[in-house]
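Here you get one chain, nothing else, as structure tokens; it is the form predicted alone.
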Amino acid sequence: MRSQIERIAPGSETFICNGLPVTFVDCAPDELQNVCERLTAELGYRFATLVVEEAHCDWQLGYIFCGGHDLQGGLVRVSLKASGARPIIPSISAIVHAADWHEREAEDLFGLVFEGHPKLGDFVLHEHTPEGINPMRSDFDPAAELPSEDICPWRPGRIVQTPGAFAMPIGPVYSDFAESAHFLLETVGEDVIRVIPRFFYKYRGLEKLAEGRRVEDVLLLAERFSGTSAFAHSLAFCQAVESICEAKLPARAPALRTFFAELERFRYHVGVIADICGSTALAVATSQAAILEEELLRLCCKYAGHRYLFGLNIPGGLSLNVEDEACRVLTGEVGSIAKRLVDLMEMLRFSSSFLDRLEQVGAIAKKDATDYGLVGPIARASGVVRDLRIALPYAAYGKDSLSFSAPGEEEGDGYARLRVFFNEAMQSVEIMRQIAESLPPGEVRVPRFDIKGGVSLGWAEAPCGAAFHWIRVRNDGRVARYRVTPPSFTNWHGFHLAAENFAFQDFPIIMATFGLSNAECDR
């Protein structure tokens, strides 16, 4: 793979980081599109994230790719330099469509111009933000009052112009606990022809808030912007910091991290299954799954001190050393819940009214899932079986003692996604069992952990897909730049693929089968 990248981009350099190859490619603007296209089309790399850094009027853009056809290619960072107050960057979204939302986000937050992108503006920043305000620029003061000006009412950009066409809004306000998101469904009858999403109603500026703060304080932000995946995000963040500091963790720490990561995955998937049952109006099945989720939350609190595993990951290891016997008992309790989940699965398999709402509904073809860079159970249900636990192993996932494979399906419909959620939940219990039976002895944190300056990328296979946390730390131990790419941001980009060409009444069910978080997108 190294020689193939050298053929595409002469002069590239490869280093080993965390046991994995990382290749750095310096790229001129007129070469960017060709290099990115060949990385994805010829070598099978998947676009992961776009990192933008500003230093006065100089800009550094990092296009990060992972994987490769053999899933052993490690990471590739394509670096592009630009200058000027509002530099013009060639858009790669036409050839690497997974980069579409990343470029739109960078245009809104930094004021960069991506030449050739078909739709810039009105993305993260809504109509209440005056034109010319770019909150991620270095000269932006988040405490300052925004200039006052008349706000123009937002009018959705209609696509379907056929006579008789109409648009139906869904959201942004929902009942229950769903966070804000708006979907405009366009149609000329009962079937949805176009879905136009609008997120970021609660954009929190997480990356801006992190600037200048201590690493320990940014960890609190990392694990709280998406509470249901708190452990996965804090794990990715801590691994990035540990890579900068070249920390060697005691063997027990990565093992226990993997144990709790799978506990979170199991609990998350049970919650998604409850939501899917609820979307199809199966009240009894919804209650049964919700009870299992609540029992798992209580187990998390009992053994780790918090229902959503807050505060467990820290730079240098874990804050709590759970004893071997406690891990075995917890695994047994989770196993008993898994048996009841299997019973529920068997009942759902033979419920025709339930299956009619899922089979051949909300299907995403494998090619579309690949083009949009979908991740996690959504991608695996469409035959794109990629998993960071295997492609870029971390914690204890790369150990020979741990045996597992990523479940996948081919149909790409709602029922395929449901099966993946069930299969991954069962697999998580098995991974927990393997770890509980062979936990290394010793401590779970390094005795002394000193923060130093540097830059690194951390990652984790969160319950709903690949999560990337990129961080630059100054020599004084404070964060200079923090970039988060959560799986919900990646997957909401492709949600319209599933919802279009299906009936209105299918929309909430398709949404439930995605199992995504609006809050995670609004980071």
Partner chain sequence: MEPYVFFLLFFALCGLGIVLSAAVDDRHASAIPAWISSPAAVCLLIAAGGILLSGHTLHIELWSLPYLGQLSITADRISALFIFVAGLVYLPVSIYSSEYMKKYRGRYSLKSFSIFYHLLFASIVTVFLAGDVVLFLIGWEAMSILAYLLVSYEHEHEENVQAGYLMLAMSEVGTLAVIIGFLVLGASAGSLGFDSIRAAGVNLTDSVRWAVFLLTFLGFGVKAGLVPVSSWLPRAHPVAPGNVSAILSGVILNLGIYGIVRVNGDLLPVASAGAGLVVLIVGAVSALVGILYATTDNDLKKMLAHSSIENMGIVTVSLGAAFLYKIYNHPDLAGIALIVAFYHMANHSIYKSLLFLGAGAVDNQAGSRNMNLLGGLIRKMPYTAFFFLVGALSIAALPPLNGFVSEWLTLQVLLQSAVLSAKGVKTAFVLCGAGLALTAGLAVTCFVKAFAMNFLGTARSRAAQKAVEIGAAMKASMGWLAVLCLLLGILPTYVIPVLNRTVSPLVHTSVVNELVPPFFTIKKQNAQFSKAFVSGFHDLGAQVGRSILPGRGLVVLHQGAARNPVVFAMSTAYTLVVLVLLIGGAFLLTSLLARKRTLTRRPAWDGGLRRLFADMTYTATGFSNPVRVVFDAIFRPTTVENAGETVAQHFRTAIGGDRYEIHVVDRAVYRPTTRCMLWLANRVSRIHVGKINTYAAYVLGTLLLFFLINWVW
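Treat the numbers as computed from the prediction; the structure is a model and nothing was measured. Numbering follows the first chain given and starts at 1.
Missing here is the form predicted together with its partner chain; even so, the following discussion is about that form.
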- Message: If we define contact as a non-hydrogen atom of the residue within 4.5 angstroms of the partner, is R158 a contact of its partner chain in the predicted bound form?
- Response: yes
- Query: Is there a heavy atom of R448 no more than 4.5 Å from a heavy atom of its partner chain in the predicted bound form?
  - Reply: no
- Is P87 close enough to its partner chain in the predicted bound form to count, meaning some heavy atom within 4.5 Å? no
- Task: Find out whether any non-hydrogen atom of V329 is located within 4.5 angstroms of its partner chain in the predicted bound form, and reply yes or no.
- Result: no
- Candidate stretches 257-265, 425-433, 171-179, 75-83, one within 4.5 Å of its partner chain in the predicted bound form by heavy atom: 171-179
- Note on the structure: in the predicted bound form, the residue from P441, P153, G121, G132 with a non-hydrogen atom within 4.5 Å of its partner chain is P153
- Of V384, L184, C245, I337, the only residue with a heavy atom within 4.5 Å of its partner chain in the predicted bound form is L184
- Task: Taking its partner chain as it sits in the predicted bound form, which residues of 358-372 have a non-hydrogen atom within 4.5 Å of it? Please list them.
- Result: K367, D368, D371, Y372
